[in-house]
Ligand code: TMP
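As a starting point, one isolated chain is supplied in structure tokens, in the form predicted on its own.
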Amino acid sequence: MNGKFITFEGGEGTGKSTQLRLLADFLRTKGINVVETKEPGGTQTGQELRRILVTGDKDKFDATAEALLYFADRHIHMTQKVWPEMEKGNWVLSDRFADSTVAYQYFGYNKRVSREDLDSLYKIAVGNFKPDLTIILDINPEIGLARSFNKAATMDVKELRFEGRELAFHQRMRQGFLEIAQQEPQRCVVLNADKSIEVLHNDIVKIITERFEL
């Protein structure tokens, strides 16, 4: 594929959506065609799955059911949107990808779903494909959750199903993202997200320009 696939990862309130949008704007100034997307919810079917996954009672189903739904969304997302766009030579920026499933459903839930099962689901849904770059935005969960609740106050649909979990869940999840980055240092870059929007954007632009020689 001629295009690139860059994913943004991190806990709640890290600013992924904002930074993804700013990076897309920057890449367009370089003459690159960019597609902005997210998981779950990057396709029409994904939007229905997103409503099921991120709204409502936090205990309406368990970690295994969540993982299965996320990978169903992921397979649809890749086959209907990401890969077709990459084949056209476009760069695809995604707000979350498979690392979030590992961080949430494996680490967050204290390993109630095995890593082996998640790896098997990845193989079924995605195959051997990996992002060209993953930017992990890291922040103290207490700060991130406060940001997320403030944002939700301005939204009609409250996507707060995971925010409703205990602080320990979010702390384990944060550690999970850091461990993923340690396991795949060539793919993953961790950035401190407790910065101004402009400073963090400049950090990301520096990484992108160096990595892809823009």
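As the structure is a computational prediction, the values presented were derived from the model and not from experiment. Residue indices: 1-based, along the sequence shown.
Below, we turn to the form predicted together with this ligand, even though it does not appear here.
Taking the partner from elsewhere, Phe97 is found to have a heavy atom lying within 4.5 Å of this ligand in the predicted complex. Interface membership of Arg50, defined by any non-hydrogen atom within 4.5 Å of this ligand in the predicted complex, is confirmed.
Using a 4.5 angstroms limit between non-hydrogen atoms, Gly176 is distant from this ligand in the predicted complex. Using a 4.5 angstroms limit between non-hydrogen atoms, His77 is distant from this ligand in the predicted complex. Not one of Gly3, Thr37 and Trp91 is positioned with any heavy atom within 4.5 Å of this ligand in the predicted complex.
Considering this ligand in the predicted complex, the lone stretch of 23-31, 37-45, 57-65, 181-189 in range is 37-45 [heavy atom distance within 4.5 Å]. Residues from 9-32 that approach this ligand in the predicted complex with a non-hydrogen atom closer than or equal to 4.5 Å are Glu12, Lys16, in the order they occur in the chain.
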